[in-house]
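First, one chain by itself in structure tokens, the form predicted alone.
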Amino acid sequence: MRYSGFRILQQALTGHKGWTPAWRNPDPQPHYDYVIVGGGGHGLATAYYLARQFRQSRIAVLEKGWIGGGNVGRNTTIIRSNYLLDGNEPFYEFSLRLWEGLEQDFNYNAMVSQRGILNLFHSDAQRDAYIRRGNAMRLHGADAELLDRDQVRRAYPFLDFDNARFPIKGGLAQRRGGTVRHDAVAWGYARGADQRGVDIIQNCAVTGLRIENGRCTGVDTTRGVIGAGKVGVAVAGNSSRVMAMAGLRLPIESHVLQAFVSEGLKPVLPGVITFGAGHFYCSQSDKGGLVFGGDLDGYNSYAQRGNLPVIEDVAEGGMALFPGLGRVRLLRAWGGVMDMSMDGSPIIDRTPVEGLYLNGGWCYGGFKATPASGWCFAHLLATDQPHPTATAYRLDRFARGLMIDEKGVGAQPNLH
């Protein structure tokens, strides 16, 4: 069924009795040409582009839980391409361009809202760093605009511009950035992949990788053995766990990243804002809740929940920037399991095991990268060659000394 305004009107006049499921719920087949482990945004996007862009068939996506139950439905929904380094900026700009046409591409309302993102700066040195980043963005075809204090004040008059410690001096704006409804992205990709013959198999946990003569030939699952020509792993914070089944140790640590939403408010935030003197970022959802987040929890964990000190730290950053938050009630919090790489940048590459491919190490950037990640991983699986925008995302770059250290804090995952 193709969605349209006419279809909505037709269903309204017939009591909404004609809607069909968005995707099938098939039983797994004994063998596929491609098995994608992980039914989050990246795994579903990979399967979708494998089928649509690269005309591949016999594809399965294996998800241990339900579609939308992992990190793709547990984030702060922000999309942007305001990166600095050559290894990252072209990739994230490619992703943002895919976001701009995504809903028309897979015929699903993902609520893409390009309301803009503003990174605030609070010192002359930070302003100079943002000028450098903005110039790098524009050299790669992305939009960037440096705003002075008065321009920021006109858009966000309620911020604390004269904070004694963190005065706001301006900001770097990317007007094309914004937010997207996170779980709708998973549903849209799942529906689009299913329409192209992809089997989306939920409640199917991978319990082992079958390795024969140095080649991955399939997976053991809770629903039986599934053979595969190629296996792609896109499981975010569980990357180390799954790849350990093949005897591989990854340069990745798993950390909890919490996010929060307030009670519903009237429209107050016209776009996404980030605090330059601390780790705090905030936007307003279509339901009115303020969605915000900050730093990782400081310990390694595979749990989708965090601790109270981080809640306090994020709230402090929000209050320093936006004092009006003190009168707003926190409604709920949740956590995602982040696959933090040693340099803060992702990995899309073949592994030393033939037929086994890895998509991981996304740190904070996983959701905004969903379309490009899926496209580039599909390109790698279909052609065995990296996509031009993802050539730097090598698994062996740490051993070769070719790190992509966007934040400039060294090879320490918890600092990225």
Partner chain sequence: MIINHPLLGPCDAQEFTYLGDASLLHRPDGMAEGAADAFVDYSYPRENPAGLHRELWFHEQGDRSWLVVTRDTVTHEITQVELASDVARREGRSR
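Predicted model, so just to flag it, every value in this text is computed and none were measured. Residue numbers count along the first chain shown, from 1.
The same protein also has a form predicted in complex with its partner chain, omitted here; what follows describes it.
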Inset, instruction - Pick the stretch from 196 to 204, 113 to 121, 303 to 311, 152 to 160 whose residues have a heavy atom within 4.5 Å of its partner chain in the predicted bound form. - result: 303 to 311
Inset, instruction - Decide whether Ile404 counts as a contact residue for its partner chain in the predicted bound form under a heavy atom distance cut-off of 4.5 Å. - result: no
Inset, instruction - Indicate whether its partner chain has at least one heavy atom within 4.5 Å of a heavy atom of Pro251 in the predicted bound form. - result: yes
Legend entry - Non-hydrogen atom contact Ala399 with its partner chain in the predicted bound form at 4.5 angstroms: yes
Inset, instruction - Check whether Ser4 has any heavy atom within 4.5 Å of a heavy atom of its partner chain in the predicted bound form, and answer yes or no. - result: no
Inset, instruction - Scan Pro323, Gly214, Gly141, Gly298 and let me know which has any heavy atom within 4.5 Å of its partner chain in the predicted bound form. - result: Gly298
Inset, instruction - Could you tell me which one of Met342, Leu257, Val291, Leu147 places a heavy atom within 4.5 Å of its partner chain in the predicted bound form? - result: Met342
